[in-house]
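Here we start with a single chain on its own, the form predicted alone, put down as structure tokens.
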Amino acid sequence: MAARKSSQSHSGGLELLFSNQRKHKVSIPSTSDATTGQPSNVAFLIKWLCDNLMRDPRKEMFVLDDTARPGILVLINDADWELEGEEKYELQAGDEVVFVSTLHGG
């Protein structure tokens, strides 16, 4: 199975969930399901990040109902993911996906 290389960044406090590391270069499978050949999309990336990169047990700080929780800004190649199809966006080699928490305690 071929792999897609991309980079992910986490900020606004989300880096704490990922071993205090803001930037990651990752190589994920090019298909999310080997049976159907469905290309990997952002929904697959979010699950992959939780399963393979997140070391903190507080998954609910990043994900709600299998997608980025409200209050997390997701940018795909510097564009709001809402403009790109949100979690349905099919990842391309070299994509940069940034997750920024906009929630702050006070």
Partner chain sequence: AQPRRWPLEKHEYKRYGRQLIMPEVGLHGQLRLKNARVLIVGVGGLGCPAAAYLAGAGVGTLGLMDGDTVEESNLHRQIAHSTARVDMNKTQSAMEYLQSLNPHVNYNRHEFHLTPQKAIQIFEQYDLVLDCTDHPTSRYLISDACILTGKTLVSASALKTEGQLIVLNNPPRPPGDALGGPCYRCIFPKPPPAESVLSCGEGGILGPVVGVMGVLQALEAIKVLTARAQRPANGGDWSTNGATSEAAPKATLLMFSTYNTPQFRSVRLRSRRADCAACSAQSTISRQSLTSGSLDYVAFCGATAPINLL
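Here the structure is a predicted model, which means the values were calculated and not measured. Positions refer to the first chain, counted from 1.
Absent from the display: the form predicted in complex with the partner chain. The rest refers to it.
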Spell out, yes or no, whether the shortest heavy atom distance between S19 and the partner chain in the model of the complex is within 4.5 Å. no
Counting only non-hydrogen atoms and a 4.5 angstroms cut-off, does K47 reach the partner chain in the model of the complex? no
Look up in the model of the complex whether S11 has a non-hydrogen atom within 4.5 angstroms of the partner chain, and give yes or no. yes
If we define contact as a non-hydrogen atom of the residue within 4.5 angstroms of the partner, is E84 a contact of the partner chain in the model of the complex? yes
To verify the annotation, which of these, A43, M61, L53, I28, has a non-hydrogen atom within 4.5 Å of the partner chain in the model of the complex? M61
For the stretch 88 to 103, I need every residue with any heavy atom inside 4.5 Å of the partner chain in the model of the complex, listed N to C. E96, V98, V100, S101, T102, L103
